[in-house]
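Presented as structure tokens, the chain that follows is alone, the form predicted on its own.
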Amino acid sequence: MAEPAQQHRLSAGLARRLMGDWRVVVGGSIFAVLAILAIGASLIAAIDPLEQDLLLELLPPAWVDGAEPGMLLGTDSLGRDVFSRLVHGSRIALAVAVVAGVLTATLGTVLGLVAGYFGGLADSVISRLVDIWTSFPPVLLAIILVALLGTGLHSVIIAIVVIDWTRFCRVVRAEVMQQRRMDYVDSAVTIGLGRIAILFREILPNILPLVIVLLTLEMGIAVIVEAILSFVGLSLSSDTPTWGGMIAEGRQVIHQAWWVMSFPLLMVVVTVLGFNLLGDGLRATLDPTLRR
């Protein structure tokens, strides 16, 4: 009975530390709002984001003279509701952030574990691969990959995974090389645990907080990459509401209708800032060396 009680106290203490860090609270709140917008997009924004009405083109937001009732953030050059497109665009942003982030973290972490623990030939091959990969400009590589694979959400996700797995691999490899010198690893070897068991049952849980922090930061990067690819027309179709696509459309009418470009740009900035704050707060809370 003592062990569950101790685990409960540790969990309660961790929760208090997390809630006591303003970065975790602000970043987590932004992530929660984004998730609510994405999940409840059809309920929150009842107007069809694809519905066009040229009689309503470039109408200003609701608080500006000349606004149309019901068009909270105005309309774009095709008369489409900006608020509705923003909300539905959050689905694309969140899907790319979560799926690409998790896949990138999984691939990079596994390769980093193998390179850091086994060393030798495995470490040499993976390290050289990382060096080759990081020699290419990431955004340019993403554009080339999507151009080769074809436009679509799956191509964007694959491109992000291909260009960003090295970030996880390098950090995890360095951490595993430190962890394998720890006493708990020697104890696991002494009691007869196999190398795979030690790697995934002993070392991985100890570096998991670091992976979680990297994952939150990667999710912000994924949002930026998707916005860039949408901006240059290499993400989804032009009709599909994406924040990058909206920024590209708004750039053409920025002098007549500032709101078409400003609101999606603000959403990208706030979302990325939220992920970065969440990552910094989790790192300060979960990393014991930073709490000293």
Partner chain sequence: MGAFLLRRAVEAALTLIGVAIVVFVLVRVVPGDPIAMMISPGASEADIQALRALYGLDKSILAQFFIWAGHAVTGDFGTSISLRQNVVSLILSRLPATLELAAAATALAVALGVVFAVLGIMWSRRFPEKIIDGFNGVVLAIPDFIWALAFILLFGVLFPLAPISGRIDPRIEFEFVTNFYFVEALLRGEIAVLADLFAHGWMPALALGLPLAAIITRVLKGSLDQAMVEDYVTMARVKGFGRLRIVVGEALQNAAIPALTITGVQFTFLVGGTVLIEKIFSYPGIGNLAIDAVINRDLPLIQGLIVTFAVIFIFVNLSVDMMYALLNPRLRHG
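Positions refer to the first chain, counted from 1. It should be emphasised that the depicted structure is a prediction, and the values quoted were computed from it without experimental measurement.
The next section is about a form of this same protein that is not shown, the form predicted in complex with its partner chain.
*Asks:* Would you classify V269 as touching its partner chain in the model of the complex, given a 4.5 Å non-hydrogen atom cut-off?
*Replies:* Yes, contact at 4.5 Å.
*Asks:* Any of the heavy atoms of L234 lying within 4.5 Å of its partner chain in the model of the complex?
*Replies:* Result yes; L234 sits at the interface with its partner chain in the model of the complex.
*Asks:* Please check if L50 has a heavy atom lying within 4.5 Å of any heavy atom of its partner chain in the model of the complex.
*Replies:* Flag for L50 set to no.
*Asks:* Would L121 count as touching its partner chain in the model of the complex under a 4.5 Å heavy atom rule?
*Replies:* No, no contact at 4.5 Å.
*Asks:* Give me the residue from L37, L59, I247, I30 that has a heavy atom within 4.5 Å of its partner chain in the model of the complex.
*Replies:* Result of the distance check: I247.
*Asks:* Just give me the single entry in I44, A67, V26, I254 that has a non-hydrogen atom within 4.5 angstroms of its partner chain in the model of the complex.
*Replies:* Only one listed residue qualifies here, and that residue is I254.
*Asks:* So which stretch, 157-165, 86-94, 142-150, 68-76, is the one near its partner chain in the model of the complex (non-hydrogen atoms, 4.5 Å)?
*Replies:* The contacting stretch here is 142-150.
*Asks:* Does every residue of S135, P138 and L265 put a non-hydrogen atom within 4.5 angstroms of its partner chain in the model of the complex?
*Replies:* Checking in the model of the complex: S135, P138 and L265 are all within 4.5 Å of its partner chain.
*Asks:* Using a 4.5 Å cut-off on heavy atoms, which residues of 199-224 contact its partner chain in the model of the complex?
*Replies:* Just I224.
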